[in-house]
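Heads up, the chain below is alone and in the form predicted alone; it's given as C-alpha coordinates.
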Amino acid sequence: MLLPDGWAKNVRMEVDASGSFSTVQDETTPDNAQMLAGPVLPGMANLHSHAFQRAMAGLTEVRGAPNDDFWSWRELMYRFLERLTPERAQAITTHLYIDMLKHGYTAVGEFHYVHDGAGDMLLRHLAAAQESGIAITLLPSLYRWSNFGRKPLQARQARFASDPAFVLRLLESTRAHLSPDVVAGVAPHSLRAVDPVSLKELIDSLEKDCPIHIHAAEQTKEVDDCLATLGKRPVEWLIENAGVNERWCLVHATHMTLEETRALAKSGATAGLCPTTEGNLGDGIFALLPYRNEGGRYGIGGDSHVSRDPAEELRLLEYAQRLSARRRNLVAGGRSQAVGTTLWLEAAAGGRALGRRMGAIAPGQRADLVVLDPAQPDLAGRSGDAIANALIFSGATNLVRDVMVAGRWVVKENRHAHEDAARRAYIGAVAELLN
(Lines give C-alpha, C1' and ligand atoms only; values in the text may rest on other atoms or scores of the structure.)
Protein backbone atom coordinates (compact mmCIF):
# COMPACT_ATOMS: atom_id res chain seq x y z
CA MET A 1 0.00 0.00 0.00
CA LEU A 2 1.25 3.47 -0.93
CA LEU A 3 1.19 5.57 2.26
CA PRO A 4 2.34 9.23 2.47
CA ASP A 5 5.85 8.14 3.44
CA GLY A 6 6.12 5.39 0.86
CA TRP A 7 5.17 1.75 0.36
CA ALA A 8 4.17 -0.37 3.35
CA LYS A 9 2.97 -3.94 3.93
CA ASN A 10 0.30 -5.48 6.14
CA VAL A 11 -1.63 -2.23 6.47
CA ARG A 12 -4.86 -2.19 8.42
CA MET A 13 -7.33 0.67 7.83
CA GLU A 14 -10.57 1.59 9.54
CA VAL A 15 -13.20 3.85 7.95
CA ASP A 16 -15.58 5.97 10.02
CA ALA A 17 -19.21 6.84 9.35
CA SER A 18 -18.24 9.97 7.36
CA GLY A 19 -16.25 7.91 4.86
CA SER A 20 -12.82 8.95 6.14
CA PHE A 21 -9.95 6.90 7.49
CA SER A 22 -10.03 6.83 11.28
CA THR A 23 -6.91 4.69 11.67
CA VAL A 24 -4.15 3.49 9.35
CA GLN A 25 -1.54 1.12 10.80
CA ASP A 26 1.13 -0.81 8.95
CA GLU A 27 2.96 -4.00 9.89
CA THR A 28 -0.07 -5.32 11.74
CA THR A 29 -2.27 -8.41 11.64
CA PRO A 30 -5.47 -8.71 9.59
CA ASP A 31 -7.63 -10.21 12.36
CA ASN A 32 -11.16 -10.09 10.92
CA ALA A 33 -10.55 -7.27 8.44
CA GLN A 34 -11.63 -7.42 4.81
CA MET A 35 -8.65 -8.41 2.67
CA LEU A 36 -7.97 -6.25 -0.39
CA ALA A 37 -7.16 -8.05 -3.62
CA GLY A 38 -3.97 -6.32 -4.75
CA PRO A 39 -1.60 -3.37 -4.36
CA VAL A 40 -3.35 -0.21 -3.11
CA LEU A 41 -2.87 3.49 -3.94
CA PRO A 42 -4.78 6.59 -2.81
CA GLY A 43 -7.57 7.73 -5.12
CA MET A 44 -6.73 10.37 -7.72
CA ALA A 45 -8.49 13.72 -8.17
CA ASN A 46 -9.44 15.00 -11.62
CA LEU A 47 -9.13 18.73 -11.01
CA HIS A 48 -10.46 19.99 -14.32
CA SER A 49 -13.35 18.60 -16.36
CA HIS A 50 -15.47 19.93 -19.21
CA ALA A 51 -17.59 16.78 -19.35
CA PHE A 52 -19.47 17.47 -22.60
CA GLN A 53 -16.19 17.57 -24.53
CA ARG A 54 -15.81 13.82 -23.93
CA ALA A 55 -18.15 13.27 -26.88
CA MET A 56 -15.82 15.34 -29.11
CA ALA A 57 -12.76 13.14 -28.62
CA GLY A 58 -11.30 12.28 -32.02
CA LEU A 59 -13.64 14.59 -33.97
CA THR A 60 -11.27 17.54 -34.33
CA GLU A 61 -8.17 15.79 -35.66
CA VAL A 62 -8.56 17.12 -39.20
CA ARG A 63 -6.79 20.30 -40.20
CA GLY A 64 -9.41 23.02 -40.39
CA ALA A 65 -7.17 26.07 -40.70
CA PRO A 66 -3.73 26.80 -42.16
CA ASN A 67 -2.43 27.32 -38.61
CA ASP A 68 -4.57 24.93 -36.62
CA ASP A 69 -4.40 25.68 -32.88
CA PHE A 70 -6.54 26.16 -29.78
CA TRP A 71 -8.51 28.95 -31.40
CA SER A 72 -9.49 26.94 -34.49
CA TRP A 73 -10.35 23.96 -32.23
CA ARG A 74 -12.66 26.29 -30.27
CA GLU A 75 -14.64 27.09 -33.42
CA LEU A 76 -15.40 23.38 -33.87
CA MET A 77 -16.37 23.13 -30.20
CA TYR A 78 -18.89 25.94 -30.59
CA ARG A 79 -20.65 24.10 -33.40
CA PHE A 80 -20.73 20.88 -31.39
CA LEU A 81 -22.38 22.32 -28.32
CA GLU A 82 -25.19 24.02 -30.27
CA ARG A 83 -27.10 20.70 -30.08
CA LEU A 84 -26.19 19.85 -26.49
CA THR A 85 -29.27 19.40 -24.31
CA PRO A 86 -29.38 18.71 -20.55
CA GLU A 87 -30.44 15.11 -21.23
CA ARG A 88 -27.57 14.52 -23.63
CA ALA A 89 -25.13 16.22 -21.25
CA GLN A 90 -26.16 13.89 -18.43
CA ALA A 91 -25.76 10.79 -20.59
CA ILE A 92 -22.28 11.89 -21.70
CA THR A 93 -21.25 12.82 -18.18
CA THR A 94 -22.46 9.62 -16.50
CA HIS A 95 -20.55 7.46 -18.96
CA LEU A 96 -17.48 9.67 -18.55
CA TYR A 97 -17.50 9.56 -14.76
CA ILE A 98 -17.81 5.77 -14.72
CA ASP A 99 -14.89 5.51 -17.14
CA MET A 100 -12.84 7.82 -14.93
CA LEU A 101 -13.61 5.73 -11.84
CA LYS A 102 -12.53 2.55 -13.60
CA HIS A 103 -9.12 4.13 -14.24
CA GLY A 104 -8.56 5.37 -10.68
CA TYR A 105 -10.10 8.85 -10.42
CA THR A 106 -12.26 9.14 -7.30
CA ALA A 107 -13.24 12.85 -7.44
CA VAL A 108 -13.80 15.42 -10.17
CA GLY A 109 -13.96 19.20 -10.44
CA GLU A 110 -16.61 20.04 -13.03
CA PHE A 111 -15.72 23.45 -14.54
CA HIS A 112 -19.17 24.20 -15.93
CA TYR A 113 -19.74 27.04 -18.40
CA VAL A 114 -22.53 25.78 -20.71
CA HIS A 115 -25.36 27.39 -18.76
CA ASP A 116 -29.11 27.46 -19.02
CA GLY A 117 -31.34 29.91 -17.24
CA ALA A 118 -32.68 27.47 -14.63
CA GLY A 119 -29.38 25.84 -13.69
CA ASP A 120 -30.54 22.45 -14.95
CA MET A 121 -27.31 21.78 -16.82
CA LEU A 122 -25.29 22.15 -13.63
CA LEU A 123 -27.54 19.78 -11.68
CA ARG A 124 -27.34 17.21 -14.49
CA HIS A 125 -23.64 16.87 -13.66
CA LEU A 126 -24.55 16.35 -10.02
CA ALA A 127 -27.01 13.63 -11.03
CA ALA A 128 -24.32 11.94 -13.13
CA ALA A 129 -21.90 12.03 -10.20
CA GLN A 130 -24.49 10.53 -7.87
CA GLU A 131 -25.33 7.74 -10.32
CA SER A 132 -21.68 6.89 -10.90
CA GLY A 133 -20.56 7.29 -7.28
CA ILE A 134 -17.72 9.72 -7.96
CA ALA A 135 -17.24 12.67 -5.59
CA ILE A 136 -17.80 16.01 -7.33
CA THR A 137 -16.89 19.64 -6.85
CA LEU A 138 -19.35 21.73 -8.85
CA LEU A 139 -17.71 24.84 -10.31
CA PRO A 140 -20.24 27.10 -12.08
CA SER A 141 -18.37 29.49 -14.34
CA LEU A 142 -18.44 33.26 -14.57
CA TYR A 143 -18.15 34.12 -18.27
CA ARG A 144 -18.99 37.73 -19.24
CA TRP A 145 -16.90 38.70 -22.27
CA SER A 146 -15.50 37.19 -25.45
CA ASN A 147 -12.05 38.70 -24.91
CA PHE A 148 -10.05 41.28 -23.03
CA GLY A 149 -11.35 44.82 -23.14
CA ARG A 150 -14.93 43.80 -22.27
CA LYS A 151 -15.70 42.67 -25.81
CA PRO A 152 -19.29 41.37 -26.02
CA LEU A 153 -19.93 37.65 -26.24
CA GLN A 154 -20.35 36.24 -29.73
CA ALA A 155 -23.68 34.72 -30.68
CA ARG A 156 -22.20 31.22 -30.34
CA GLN A 157 -21.14 32.03 -26.78
CA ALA A 158 -24.63 32.98 -25.63
CA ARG A 159 -24.95 29.84 -23.47
CA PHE A 160 -21.83 30.86 -21.53
CA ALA A 161 -23.29 34.22 -20.48
CA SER A 162 -23.23 34.83 -16.73
CA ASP A 163 -22.58 37.57 -14.21
CA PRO A 164 -21.59 37.36 -10.53
CA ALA A 165 -25.21 37.37 -9.36
CA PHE A 166 -26.07 34.44 -11.66
CA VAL A 167 -23.08 32.39 -10.48
CA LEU A 168 -23.93 33.09 -6.85
CA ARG A 169 -27.50 31.93 -7.48
CA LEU A 170 -26.16 28.69 -8.97
CA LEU A 171 -23.90 28.31 -5.95
CA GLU A 172 -26.88 28.80 -3.64
CA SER A 173 -28.91 26.23 -5.61
CA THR A 174 -26.33 23.57 -4.73
CA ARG A 175 -26.58 24.06 -0.97
CA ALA A 176 -29.36 21.52 -0.53
CA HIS A 177 -27.17 18.91 -2.22
CA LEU A 178 -23.92 19.50 -0.33
CA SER A 179 -22.44 16.46 1.42
CA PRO A 180 -19.05 14.84 1.91
CA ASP A 181 -19.37 13.75 -1.74
CA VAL A 182 -20.60 17.10 -3.09
CA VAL A 183 -18.66 20.37 -2.74
CA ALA A 184 -19.41 23.66 -4.50
CA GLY A 185 -17.00 26.36 -5.64
CA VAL A 186 -16.78 28.86 -8.49
CA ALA A 187 -14.88 29.13 -11.75
CA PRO A 188 -14.25 32.61 -13.14
CA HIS A 189 -13.46 31.33 -16.61
CA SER A 190 -10.34 33.36 -17.43
CA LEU A 191 -9.11 36.93 -17.41
CA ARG A 192 -10.16 37.26 -21.03
CA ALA A 193 -13.76 36.33 -20.11
CA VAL A 194 -13.99 38.09 -16.73
CA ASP A 195 -13.16 41.74 -16.10
CA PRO A 196 -11.41 42.83 -12.87
CA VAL A 197 -14.53 44.44 -11.37
CA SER A 198 -16.68 41.33 -11.89
CA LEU A 199 -13.94 39.09 -10.56
CA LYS A 200 -13.64 41.13 -7.38
CA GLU A 201 -17.41 41.23 -6.93
CA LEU A 202 -17.58 37.45 -7.14
CA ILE A 203 -14.61 36.77 -4.85
CA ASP A 204 -15.79 39.24 -2.21
CA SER A 205 -19.14 37.39 -2.02
CA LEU A 206 -17.63 33.98 -1.27
CA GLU A 207 -16.94 32.20 1.97
CA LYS A 208 -13.22 32.16 2.72
CA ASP A 209 -12.76 28.45 2.03
CA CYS A 210 -14.78 28.31 -1.21
CA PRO A 211 -12.68 26.75 -4.03
CA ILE A 212 -11.86 29.08 -6.95
CA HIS A 213 -10.67 27.66 -10.27
CA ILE A 214 -9.61 29.74 -13.28
CA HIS A 215 -7.94 29.14 -16.65
CA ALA A 216 -4.68 31.09 -16.81
CA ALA A 217 -1.90 31.49 -19.38
CA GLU A 218 -2.94 28.53 -21.50
CA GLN A 219 -1.96 30.16 -24.82
CA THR A 220 0.63 32.77 -25.77
CA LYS A 221 -2.07 34.91 -27.44
CA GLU A 222 -3.87 35.11 -24.12
CA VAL A 223 -0.66 36.29 -22.45
CA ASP A 224 -0.04 38.92 -25.14
CA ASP A 225 -3.64 40.21 -24.97
CA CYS A 226 -3.49 40.36 -21.17
CA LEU A 227 -0.28 42.38 -21.29
CA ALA A 228 -1.84 44.77 -23.78
CA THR A 229 -5.03 45.25 -21.75
CA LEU A 230 -4.09 44.86 -18.08
CA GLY A 231 -0.39 45.64 -18.29
CA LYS A 232 0.53 42.33 -16.64
CA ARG A 233 0.78 38.68 -17.62
CA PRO A 234 -2.22 36.56 -16.47
CA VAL A 235 -0.59 34.73 -13.55
CA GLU A 236 1.30 37.87 -12.56
CA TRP A 237 -1.93 39.91 -12.54
CA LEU A 238 -3.88 37.32 -10.55
CA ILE A 239 -1.23 37.02 -7.85
CA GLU A 240 -0.91 40.79 -7.49
CA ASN A 241 -4.63 41.59 -7.61
CA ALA A 242 -6.85 38.62 -6.78
CA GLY A 243 -5.53 37.31 -3.46
CA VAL A 244 -4.44 33.95 -4.84
CA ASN A 245 -3.94 31.46 -2.00
CA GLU A 246 -4.55 27.84 -1.02
CA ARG A 247 -8.16 27.77 -2.21
CA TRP A 248 -7.20 28.66 -5.79
CA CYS A 249 -6.50 26.34 -8.68
CA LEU A 250 -4.85 27.94 -11.70
CA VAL A 251 -5.62 25.61 -14.59
CA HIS A 252 -2.83 25.14 -17.15
CA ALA A 253 -0.58 28.09 -16.14
CA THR A 254 1.52 26.96 -19.09
CA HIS A 255 3.22 30.18 -20.09
CA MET A 256 4.87 31.74 -17.04
CA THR A 257 8.12 33.56 -16.45
CA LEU A 258 10.44 32.25 -13.77
CA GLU A 259 9.23 35.03 -11.48
CA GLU A 260 5.61 34.00 -12.01
CA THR A 261 6.53 30.36 -11.43
CA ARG A 262 8.12 31.22 -8.08
CA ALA A 263 5.24 33.47 -7.07
CA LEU A 264 2.61 30.84 -7.90
CA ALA A 265 4.52 28.20 -5.93
CA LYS A 266 4.78 30.50 -2.89
CA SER A 267 1.09 31.47 -3.04
CA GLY A 268 0.01 28.01 -1.91
CA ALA A 269 -2.32 27.64 -4.89
CA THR A 270 -2.53 24.44 -6.94
CA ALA A 271 -1.55 24.29 -10.61
CA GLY A 272 -4.14 22.19 -12.45
CA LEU A 273 -2.20 20.48 -15.24
CA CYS A 274 -3.97 18.72 -18.12
CA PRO A 275 -1.16 17.13 -20.16
CA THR A 276 -3.20 15.15 -22.71
CA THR A 277 -5.47 18.10 -23.52
CA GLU A 278 -2.56 20.55 -23.57
CA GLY A 279 -0.77 18.18 -25.93
CA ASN A 280 -3.86 17.71 -28.09
CA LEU A 281 -4.34 21.48 -28.42
CA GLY A 282 -0.66 22.29 -28.86
CA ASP A 283 -0.73 24.63 -25.86
CA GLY A 284 2.82 24.17 -24.64
CA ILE A 285 4.67 22.53 -21.75
CA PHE A 286 4.34 23.50 -18.10
CA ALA A 287 7.71 24.19 -16.41
CA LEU A 288 7.20 21.56 -13.72
CA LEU A 289 10.81 21.21 -12.58
CA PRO A 290 11.40 24.81 -11.45
CA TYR A 291 7.87 24.91 -10.02
CA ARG A 292 8.51 21.78 -7.90
CA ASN A 293 11.90 23.15 -6.85
CA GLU A 294 10.06 26.12 -5.33
CA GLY A 295 7.66 23.82 -3.49
CA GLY A 296 4.76 24.32 -5.89
CA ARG A 297 1.65 22.14 -5.55
CA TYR A 298 0.01 20.55 -8.58
CA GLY A 299 -2.65 18.10 -9.63
CA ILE A 300 -3.98 16.73 -12.91
CA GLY A 301 -7.18 17.13 -14.90
CA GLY A 302 -8.80 15.44 -17.87
CA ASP A 303 -10.11 18.75 -19.32
CA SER A 304 -11.41 17.77 -22.80
CA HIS A 305 -11.16 14.05 -21.92
CA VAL A 306 -9.13 12.84 -24.83
CA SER A 307 -7.92 10.56 -22.03
CA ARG A 308 -9.79 9.32 -18.95
CA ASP A 309 -6.74 7.68 -17.41
CA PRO A 310 -4.67 9.44 -14.70
CA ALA A 311 -1.70 7.20 -15.50
CA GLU A 312 -1.64 8.57 -19.05
CA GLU A 313 -1.78 12.17 -17.77
CA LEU A 314 1.13 11.53 -15.43
CA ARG A 315 3.15 9.66 -18.06
CA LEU A 316 2.80 12.52 -20.54
CA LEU A 317 3.58 15.06 -17.81
CA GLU A 318 6.92 13.37 -17.14
CA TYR A 319 7.67 12.72 -20.80
CA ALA A 320 7.13 16.38 -21.71
CA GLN A 321 9.71 17.35 -19.10
CA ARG A 322 12.13 14.78 -20.55
CA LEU A 323 11.64 16.09 -24.08
CA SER A 324 12.36 19.63 -22.89
CA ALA A 325 15.39 18.75 -20.78
CA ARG A 326 16.62 15.80 -22.87
CA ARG A 327 17.14 13.83 -19.66
CA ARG A 328 15.25 11.01 -17.91
CA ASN A 329 13.57 10.39 -14.55
CA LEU A 330 13.05 14.04 -13.68
CA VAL A 331 9.99 14.18 -11.41
CA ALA A 332 11.45 12.36 -8.43
CA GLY A 333 12.86 13.14 -5.05
CA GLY A 334 11.42 13.96 -1.68
CA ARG A 335 9.64 10.81 -0.54
CA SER A 336 10.99 8.60 -3.32
CA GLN A 337 13.48 8.52 -6.17
CA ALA A 338 10.95 6.47 -8.16
CA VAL A 339 9.17 8.66 -10.70
CA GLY A 340 5.89 6.73 -10.65
CA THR A 341 5.57 6.84 -6.87
CA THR A 342 6.46 10.55 -6.79
CA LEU A 343 4.01 11.50 -9.52
CA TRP A 344 1.09 9.59 -8.01
CA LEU A 345 1.61 10.89 -4.47
CA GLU A 346 2.11 14.52 -5.52
CA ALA A 347 -0.76 14.63 -7.99
CA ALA A 348 -3.13 12.84 -5.61
CA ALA A 349 -2.31 15.40 -2.91
CA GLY A 350 -3.47 18.07 -5.38
CA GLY A 351 -7.01 16.90 -4.64
CA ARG A 352 -7.12 19.52 -1.89
CA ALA A 353 -7.97 21.97 -4.72
CA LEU A 354 -11.42 20.31 -4.84
CA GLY A 355 -12.19 21.46 -1.31
CA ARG A 356 -11.91 18.08 0.43
CA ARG A 357 -9.31 16.16 2.42
CA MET A 358 -8.21 13.49 -0.02
CA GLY A 359 -5.18 12.15 -1.83
CA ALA A 360 -3.45 10.20 0.94
CA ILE A 361 -4.11 7.02 2.90
CA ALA A 362 -3.92 8.56 6.35
CA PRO A 363 -6.22 9.29 9.32
CA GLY A 364 -8.64 12.12 8.60
CA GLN A 365 -8.37 11.72 4.84
CA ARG A 366 -11.28 10.48 2.70
CA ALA A 367 -11.27 6.71 2.27
CA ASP A 368 -10.60 6.74 -1.47
CA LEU A 369 -8.66 3.69 -2.67
CA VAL A 370 -7.45 2.28 -5.97
CA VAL A 371 -6.74 -1.46 -5.84
CA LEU A 372 -4.63 -2.81 -8.69
CA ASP A 373 -5.07 -6.24 -10.25
CA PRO A 374 -2.12 -8.48 -9.31
CA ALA A 375 -3.13 -10.95 -12.03
CA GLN A 376 -2.20 -8.48 -14.78
CA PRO A 377 1.12 -9.33 -16.51
CA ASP A 378 2.47 -5.79 -16.17
CA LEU A 379 2.38 -6.12 -12.38
CA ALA A 380 3.90 -9.60 -12.24
CA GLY A 381 6.71 -9.91 -9.71
CA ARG A 382 6.62 -6.22 -8.81
CA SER A 383 6.54 -4.67 -5.37
CA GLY A 384 6.94 -1.21 -3.89
CA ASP A 385 8.03 1.53 -6.29
CA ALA A 386 7.97 -0.88 -9.23
CA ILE A 387 4.18 -1.06 -8.87
CA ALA A 388 3.58 2.67 -9.44
CA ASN A 389 6.20 2.74 -12.17
CA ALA A 390 4.40 -0.09 -13.97
CA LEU A 391 1.02 1.61 -13.55
CA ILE A 392 2.24 4.81 -15.18
CA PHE A 393 4.97 3.72 -17.59
CA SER A 394 4.07 0.21 -18.81
CA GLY A 395 1.40 1.53 -21.17
CA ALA A 396 -1.22 -0.85 -19.76
CA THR A 397 -4.76 0.50 -19.38
CA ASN A 398 -6.40 -2.34 -17.44
CA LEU A 399 -4.45 -2.45 -14.18
CA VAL A 400 -7.20 -1.11 -11.89
CA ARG A 401 -9.32 -3.82 -10.25
CA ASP A 402 -11.37 -2.15 -7.49
CA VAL A 403 -12.12 1.47 -6.57
CA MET A 404 -13.44 2.83 -3.28
CA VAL A 405 -14.92 6.32 -2.82
CA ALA A 406 -15.46 7.49 0.76
CA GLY A 407 -15.56 3.94 2.07
CA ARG A 408 -17.93 2.61 -0.64
CA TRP A 409 -16.87 0.22 -3.36
CA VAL A 410 -17.98 1.69 -6.71
CA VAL A 411 -15.88 -0.55 -8.97
CA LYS A 412 -15.33 -4.25 -8.24
CA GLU A 413 -13.28 -6.54 -10.46
CA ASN A 414 -13.12 -3.76 -13.08
CA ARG A 415 -16.92 -3.58 -13.30
CA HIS A 416 -19.30 -0.75 -12.41
CA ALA A 417 -22.91 -1.66 -11.70
CA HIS A 418 -24.28 0.95 -14.13
CA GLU A 419 -21.69 0.83 -16.90
CA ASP A 420 -23.78 -1.07 -19.47
CA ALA A 421 -26.78 1.26 -19.19
CA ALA A 422 -24.49 4.30 -19.18
CA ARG A 423 -22.71 3.10 -22.31
CA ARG A 424 -26.00 2.64 -24.17
CA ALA A 425 -27.22 6.11 -23.16
CA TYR A 426 -23.91 7.65 -24.19
CA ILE A 427 -23.96 6.00 -27.62
CA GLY A 428 -27.51 7.24 -28.14
CA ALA A 429 -26.66 10.81 -27.10
CA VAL A 430 -23.64 11.00 -29.38
CA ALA A 431 -25.60 9.60 -32.31
CA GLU A 432 -28.18 12.37 -31.84
CA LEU A 433 -25.46 15.03 -31.63
CA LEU A 434 -23.69 13.88 -34.78
CA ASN A 435 -26.70 13.15 -37.01
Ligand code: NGQ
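Note that residue numbering follows the sequence shown and begins at 1. Please read all numbers here as calculations on a predicted model, not as lab measurements.
The form predicted in complex with N-carbamimidoyl-L-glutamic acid (NGQ) exists for this protein as well; it is not shown, and the discussion that follows is about that form.
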Of the residues 177, 74, 357, 232, which one places a heavy atom within 4.5 Å of N-carbamimidoyl-L-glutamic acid (NGQ) in the predicted complex?
74
Quick one: of 248, 344, 298, 143, which gets a non-hydrogen atom within 4.5 angstroms of N-carbamimidoyl-L-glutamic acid (NGQ) in the predicted complex?
143
In the predicted complex, segment of 116 to 124, 273 to 281, 324 to 332, 98 to 106 with a heavy atom within 4.5 Å of N-carbamimidoyl-L-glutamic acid (NGQ)
273 to 281
Heavy atom of residue 303 within 4.5 Å of N-carbamimidoyl-L-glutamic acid (NGQ) in the predicted complex
yes
Residue 401: heavy atom within 4.5 Å of N-carbamimidoyl-L-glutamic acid (NGQ) in the predicted complex?
no
Verify the contact flag for residue 78: yes if a non-hydrogen atom of it lies within 4.5 Å of a non-hydrogen atom of N-carbamimidoyl-L-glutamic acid (NGQ) in the predicted complex, no if not.
yes
Taking any heavy atom pair closer than or equal to 4.5 Å as contact, tell me whether residue 308 reaches N-carbamimidoyl-L-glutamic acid (NGQ) in the predicted complex.
no
Counting heavy atoms only and using a 4.5 Å cut-off, do 12, 366 and 409 all touch N-carbamimidoyl-L-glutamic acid (NGQ) in the predicted complex?
no
Within 28 to 50, the residues having any heavy atom within 4.5 Å of N-carbamimidoyl-L-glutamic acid (NGQ) in the predicted complex are 50
